[in-house]
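Just one chain is shown here, as C-alpha cells, and it is the form predicted on its own.
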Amino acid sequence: MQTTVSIFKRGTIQKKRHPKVEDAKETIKLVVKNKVAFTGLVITAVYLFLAFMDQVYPAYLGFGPNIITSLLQVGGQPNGKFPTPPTTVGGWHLWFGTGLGHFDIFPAMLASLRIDIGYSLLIVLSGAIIGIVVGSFSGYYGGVWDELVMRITDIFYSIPFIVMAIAFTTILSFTFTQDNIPISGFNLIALALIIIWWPTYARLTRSITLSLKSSRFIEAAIASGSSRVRNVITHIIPGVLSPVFVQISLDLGSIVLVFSTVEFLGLGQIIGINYYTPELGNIIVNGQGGMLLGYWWPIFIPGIFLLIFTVGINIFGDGLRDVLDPKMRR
C-alpha cells in the first residue's frame, strides 16, 4: 500500500525523469542563483538576440533588409564626410552618431554582431572539435604520439596569440594568392585562428583523459573486450565535454576580441576586407581617422560595445565554471 502511494499522486502515475534532465534543471537553477553567471548570461543573450534578428528579420531592428550592402555602397574608401555627434533627434539609428563616411554607427554595430559572433562560433567550435579528438587520443594512447602532440602545443603556447594570428594570416594570404585559391577576407582570418586555437582544447582534453583512462569503468570496458578506439569515442570523449563547454564559453569572448584586434591592426584591408564592412574591429579602424580632429565617438562607442560583449560572455563563462563545479552541487 505504501508503494502504491509513493508511485501514484492525485490519480496520475509519476514518471521518473532521466538523470541528465534532472542534472540540466539543477544547472539552470544554479546559474540563476549565481549573480555573476546570470548577469553574463543576460548580456550574452541580448547580443545573440540582436545578431539573430539582424540575420533573419533586420527590418524589426529598424533598418533595411541588407545593411551590409547599403554600407558597402558608400564606397571602398572614406568619402570625406565628417562624422555627426550622437543625438536623440532623427531616429534611434542616430543615437550614437555617424562615422567617417557618414554611416550610422548604431545599425553598423548591430550588423557587425552577425559577422563577429558567427565567425567566433565557427572558430571556437572547429578548434574544440580538433582539440577534443587530438587530445583524447593523445592522452589515451600516450607514447610517442602524446609526446609529439604536447611539444607542438608547447610551440603554440610560447608565442602570443595575436602575433601568431597575424603571422598565419599573412602566410596563408600569400600562399593562397600564389596558388590562385579564392580564400580571402574574414575566411582567411578564421582559418588562421582555427589553426592556432585547437591546442588549448587538446591540452585540456588530454589532462582530463589521463585521469579518466585509469577509472574503473574504462577497466571494465577493456575487460569486456572493447577496443581502444571504441573506449575513446564512447567513454573518454563524452567525459571531457563538460569542461570543454565551459572553455568554449570563455573563448567566445576572447575570439571576438582577437578577431577585432586583427582588424584594428589594419590586416583586414590588406587581405581584401572592404573599409566599410560592418565588423567591430573594422568600425573602430574606420573611426581612427577622426580622432585627431576631435571625433571621439566613432572609435569610443564601438570599443565600449565590444568591451561589454567580451566582459559579459567571459563572466558568464566564469560563472558557468563555478556552477559546474561538483562541490557546488553537494
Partner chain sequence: MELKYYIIRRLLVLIPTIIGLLLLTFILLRAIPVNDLIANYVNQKATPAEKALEKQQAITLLGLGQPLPVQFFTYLTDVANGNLGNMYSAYYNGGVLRGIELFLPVTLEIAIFTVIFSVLISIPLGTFIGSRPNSVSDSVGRVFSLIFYAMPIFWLALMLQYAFGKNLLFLGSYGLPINGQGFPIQQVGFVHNHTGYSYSVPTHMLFIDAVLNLDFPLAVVAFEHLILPVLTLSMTVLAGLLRFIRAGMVDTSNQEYIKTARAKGVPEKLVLKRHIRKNALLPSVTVIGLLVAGLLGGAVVVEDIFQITGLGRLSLAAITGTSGNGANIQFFGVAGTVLFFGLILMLTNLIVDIVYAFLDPRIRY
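Remember, predicted model here, so these are calculated numbers, not experimental data. Positions refer to the first chain, counted from 1.
Keep in mind that the form predicted in complex with the partner chain is missing from the display, and what follows is about it.
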Is Glu219 one of the residues lying within 4.5 Å of the partner chain in the model of the complex, judged by heavy atom distances?
no
Gly225 near the partner chain in the model of the complex, any heavy atom under 4.5 Å?
no
Though only this chain appears here, would Pro160 touch the partner chain in the model of the complex if you measure heavy atom gaps against 4.5 Å?
yes
Spell out, yes or no, whether the shortest heavy atom distance between Phe174 and the partner chain in the model of the complex is within 4.5 Å.
yes
Determine which one of 114-122, 146-154, 130-138, 235-243 lies within 4.5 Å of the partner chain in the model of the complex, judging by heavy atom distances; exactly one does.
146-154
Identify which of Leu204, Ala190, Leu212, Ile166 has a heavy atom within 4.5 Å of the partner chain in the model of the complex; exactly one of them does.
Ile166
Any residue of 295-309 with a heavy atom within 4.5 Å of the partner chain in the model of the complex counts; write them all down in order.
Trp296, Ile299, Phe300, Gly303, Ile304, Leu306, Leu307
